[in-house]
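As a starting point, one isolated chain is supplied in structure tokens, in the form predicted on its own.
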């Protein structure tokens, strides 16, 4: 296949021989909120060609994992959205952790992983636990709660900025920034345009909060600036790493916690299992939520060279939509994937990525999710749906917009 023109910010390709055409728009509202095309995508074989955007897409577990985790053949440095950063300027300076490849990625990831080490996360767990317990206690007296704003957004936007060391956090700005970042991954649609319109007000605030002066001396952000003082990275790169945390460390956790509440409310038998062993089952329940709902639905990779996957020839410059949500529901890999089962062995799910680009903040996200679900199971006897849950369209995130609930205390 020969690249023919610049199309949606990348090289337009023709479908490789043997690859079927799937006339679907992954960014249609129904597909974003209801995930209606996953089964059809997997039925096409290893890849399908999506003519609307001139890209390949994969949704089976094995092929998706191969493409998503092979950073030498399929790079992130050319953008994890439709636009090819080798051909177009990114909408904001590229992330120096998510949108770079080795050897640069090795340097920045080393700094961020040290700052987010298991020791650091262990020290945060007690604070997360206490904050989660206070939050759930404060909600028990309410006749009805709006779980997205009252829990899913309220908890991460309190505890995560504290962990980073943001002196003057603003929950709304952090949530809005996450929505902008993930909507920007998509095509030039209404969701992206509205996000870009909000960005001019939100990005200056975010960048200011990433500066050394706006951080406490005892948070994760200060560890990045200590690495700058030691000569490992520059002062500018330290601020960029703080920005990366704020873009990826809030919205995905907000989504994961909201989705977990929805899963448990709609599967009371699974919530009963969680209540039987809050300490042992809170983390498995959060992991199964990540697999079952895949907060990050899809990211792109770009072929860095001419190659082949599953017998399909792929040309350099090909954009490949890796549909993580579909891979996490692939019946060829998972037993009864459509069943939400908190006792499932979820090792290997792709909700937090794979390979060198696996989510750097995954341990903190898991600690936050575990803290909320454990506090909930220890205090709440039943979770009841109090109104129609609605999903919020986003070009990359599968998140709830509203989740009215009632808590029946123990």
Ligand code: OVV
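Residue numbers count along the first chain shown, from 1. Just so it is clear, the structure is predicted and the values come from calculations on it, not from any experiment.
Form predicted in complex with this ligand: not shown, discussed below.
Look at 275 to 283, 133 to 141, 92 to 100, 316 to 324: in the predicted bound form, residues with non-hydrogen atoms within 4.5 angstroms of this ligand sit in 92 to 100. When you look in the predicted bound form, the only residue of 220, 181, 250, 152 with a non-hydrogen atom within 4.5 Å of this ligand is 181. Interface residue among 259, 244, 199, 157, judged by heavy atoms within 4.5 Å of this ligand in the predicted bound form: 244.
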